[in-house]
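Quick heads-up: it's one chain on its own, the form predicted alone, in structure tokens.
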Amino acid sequence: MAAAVRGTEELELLERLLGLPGGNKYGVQGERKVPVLQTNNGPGLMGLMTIAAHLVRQARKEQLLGSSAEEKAVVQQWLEYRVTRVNGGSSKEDTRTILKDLNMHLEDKVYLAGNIFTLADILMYYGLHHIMVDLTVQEKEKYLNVSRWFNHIQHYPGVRQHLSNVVFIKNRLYTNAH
């Protein structure tokens, strides 16, 4: 089984993707290993989503958080899903439920928030990478919409970085068969 990308590593990947200089000091807290960003002035920031949104604002790429009120809410919804369901799910049944939920949601969408690439896509990609690496060809075909989305995100400039490329059978991803 592939190793999961952990919160602090995800934040470092996000920093590079956003073009930030790096050098932030990250730690973890508690048994759930919640990421913490040490700041020079005042208390540190805690939580993957809080720190990720802070980095996006620091990079002045707020469009990754959504443009309209509705887009912002959808991005927030998927970020919450990522932390509560994807991070929390560890059983095969949890994994199947997550893939089924995403597969249904992505049936008529390019990205999680519809037609725009957002922070939700980036962090969901990082959270699912270890799962997608281990799926069989048949499982990838069963969750065709997730596979199509995942393949698209892994080829988005700067997202994958050092993470392994997940191979898909292309002719199955782009057919109209549902």
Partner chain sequence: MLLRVPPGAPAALKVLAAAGAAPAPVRPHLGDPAEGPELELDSGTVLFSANAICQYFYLCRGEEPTDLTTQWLEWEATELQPAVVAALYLRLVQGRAGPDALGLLQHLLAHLEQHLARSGTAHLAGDAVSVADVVVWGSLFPVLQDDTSLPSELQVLRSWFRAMSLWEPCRDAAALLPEAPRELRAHLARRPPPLPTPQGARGGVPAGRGRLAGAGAARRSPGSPQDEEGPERAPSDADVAAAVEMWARGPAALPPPRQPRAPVLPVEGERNVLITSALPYVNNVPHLGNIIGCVLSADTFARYCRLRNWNTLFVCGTDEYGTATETRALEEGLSPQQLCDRYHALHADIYTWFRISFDHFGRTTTPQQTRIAQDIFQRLLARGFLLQDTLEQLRCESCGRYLADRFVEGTCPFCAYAEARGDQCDRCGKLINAVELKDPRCKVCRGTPTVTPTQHLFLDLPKLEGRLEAWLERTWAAGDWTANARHITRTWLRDGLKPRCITRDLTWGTPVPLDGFRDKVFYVWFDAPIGYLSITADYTEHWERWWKNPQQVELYNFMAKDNVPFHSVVFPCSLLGADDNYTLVNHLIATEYLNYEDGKFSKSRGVGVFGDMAKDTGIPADVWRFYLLYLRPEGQDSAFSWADLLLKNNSELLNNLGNFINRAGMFVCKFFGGVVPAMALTPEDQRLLARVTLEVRQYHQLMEKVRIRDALRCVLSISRHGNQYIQVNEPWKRIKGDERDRQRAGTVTGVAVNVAAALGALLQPFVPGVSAAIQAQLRIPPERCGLGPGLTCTLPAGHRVGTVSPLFQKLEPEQVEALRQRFGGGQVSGAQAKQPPPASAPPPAPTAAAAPGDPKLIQELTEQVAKQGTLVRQLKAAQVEKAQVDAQVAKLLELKQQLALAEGRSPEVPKGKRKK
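Since the model is a prediction, treat every value here as computed from it, not as a measurement. Positions refer to the first chain, counted from 1.
We do not show the form predicted together with the partner chain, though everything after this point is about it.
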Please tell me which of Met49, Ala59, Val110, Val133 lies within 4.5 Å of the partner chain in the predicted complex, judged by heavy atoms. Met49
Could you tell me if all three of Pro21, Lys140 and Asn151 have a heavy atom no more than 4.5 Å from the partner chain in the predicted complex? no
Decide whether Leu99 counts as a contact residue for the partner chain in the predicted complex under a heavy atom distance cut-off of 4.5 Å. no
With the partner left out here, check for me: in the predicted complex, does some heavy atom of Phe117 sit within 4.5 Å of the partner chain? no
Hey, in the predicted complex, is Val34 touching the partner chain, heavy atoms inside 4.5 Å? yes
With the partner left out here, check for me: in the predicted complex, does some heavy atom of Arg16 sit within 4.5 Å of the partner chain? no
So which residues in 63 to 87, when you check the partner chain in the predicted complex, have a heavy atom no farther than 4.5 Å from it? Ala69, Glu70, Lys72, Ala73, Val74, Gln76, Gln77, Trp78, Glu80, Tyr81, Val83, Thr84, Arg85
